[in-house]
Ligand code: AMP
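Have a look below at one chain only, the form predicted alone, in structure tokens format.
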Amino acid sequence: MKKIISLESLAKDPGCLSEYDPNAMTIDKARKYIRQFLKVSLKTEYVKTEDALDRILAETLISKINVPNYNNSAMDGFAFNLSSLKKDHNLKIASTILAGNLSKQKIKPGFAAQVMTGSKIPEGTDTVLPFELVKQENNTIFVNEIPKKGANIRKLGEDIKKNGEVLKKGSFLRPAEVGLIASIGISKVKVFKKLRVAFFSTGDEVVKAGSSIKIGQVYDSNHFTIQSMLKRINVQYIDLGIIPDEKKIIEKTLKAAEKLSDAIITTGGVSVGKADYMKDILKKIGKVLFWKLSIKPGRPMAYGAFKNTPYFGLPGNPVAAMITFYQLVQPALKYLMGQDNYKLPILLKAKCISPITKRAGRMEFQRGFYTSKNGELSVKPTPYQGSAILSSMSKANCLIVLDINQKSIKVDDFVNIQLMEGLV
């Protein structure tokens, strides 16, 4: 019988799993443990279809109609019965049918109906030829090219069958999905309510943008990057500001965050400095599953829970905070939002045109800039790869993903890259 491990038991007794190491978690195991201990508990609501963009579908949709619900022309041209085509390949024009014309006329053998894109295919016809492939003289057309039977006709139910499944529960609604919902006549759709995520920064040295700054202080860029990344995935974010390095205030803020939100994110305070209190506070009032990752940048990251609310403690360095958010927090939040089909973007192979220095022992996410020529991708790391150099993220259009056991990369070696467009 498989042993069931809870987050609480694992946090209290790290030895209960042989591969579990909270001091140096691999990213794959971290993803596995995060997912294992997340509990989705979302309420639902109905929104207008036009307001459903970037929401998560809370029910499986079944179509009550065929789409299209009639045979219609895919081209501007002439509809006729192919078997009635005369030896001299000419047909008389019987009528013109515009899109939206619902008349039930029947076309006799030897005749054709002029149809427009979207026009209903009249009874007695089975094929459409575009205007470009016929020659018209007065009320007669001459067919220059014999088509296949059924050419250029969009069949009844070709897109969606009546009583067929349109979208699964948990689908992320992009523009195409919103249009698809509208195409089956639904004006209101059931979605999950937006996830509530509370976040705050910690540190006596951290100053809010717009304030004056002194030597030894830094502006809080993390606040804006975290907020922006949360906006991108359409959650309801709760900004709790910048919290000083005081245990009582941090503890009070965490308790407030738990009452307000479905997930908590902090930046800073999870390293090993004298003022890095977050891990100790979480151990006191919550549960900590891990606090170090074998990745670069992003080693000092904590994951745990306060009561039943998941907690993600991101590093204070801005690049490390962004990398850990994209690789670990965003997939977790997508799961909590009810999105079943979210996956990290696939890894692509690219030829490295600059050397990269690396030691085995940690997975690295280097910022890179890729180009494409003749179907082949090339990539080079951006200058200055330090975890505090936020400009390296701005100048990059991909991440160069180097495995834990990978060593230095030579020019013309192939590496894995992850496109930034897929992450945001």
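Bear in mind the structure is a predicted one, so any value in this text is a computation, not a measurement. Note that residue numbering begins at 1 and tracks the sequence as displayed.
Keep in mind that the form predicted in complex with ligand AMP is missing from the display, and what follows is about it.
When contacts are defined as a non-hydrogen atom within 4.5 Å, none of 71, 73 and 158 contacts ligand AMP in the predicted complex. Shown without its partner, this chain lists 338, 286, 122, 318 as candidates; in the predicted complex, only 318 has a non-hydrogen atom within 4.5 angstroms of ligand AMP. Proximity to ligand AMP in the predicted complex, defined as a heavy atom within 4.5 Å, holds among 253, 201, 309, 152 only for 201.
Residues within 4.5 angstroms of ligand AMP in the predicted complex, judged by any non-hydrogen atom, belong to 212-220 and to none of the other stretches in 348-356, 90-98, 212-220, 125-133. Ligand AMP is not shown here, but in the predicted complex it comes within 4.5 Å of a heavy atom of residue 206. Taking non-hydrogen atoms only, residue 304 never approaches ligand AMP to within 4.5 angstroms in the predicted complex. Ligand AMP in the predicted complex is approached by residue 269, whose closest heavy atom lies within 4.5 angstroms of it.
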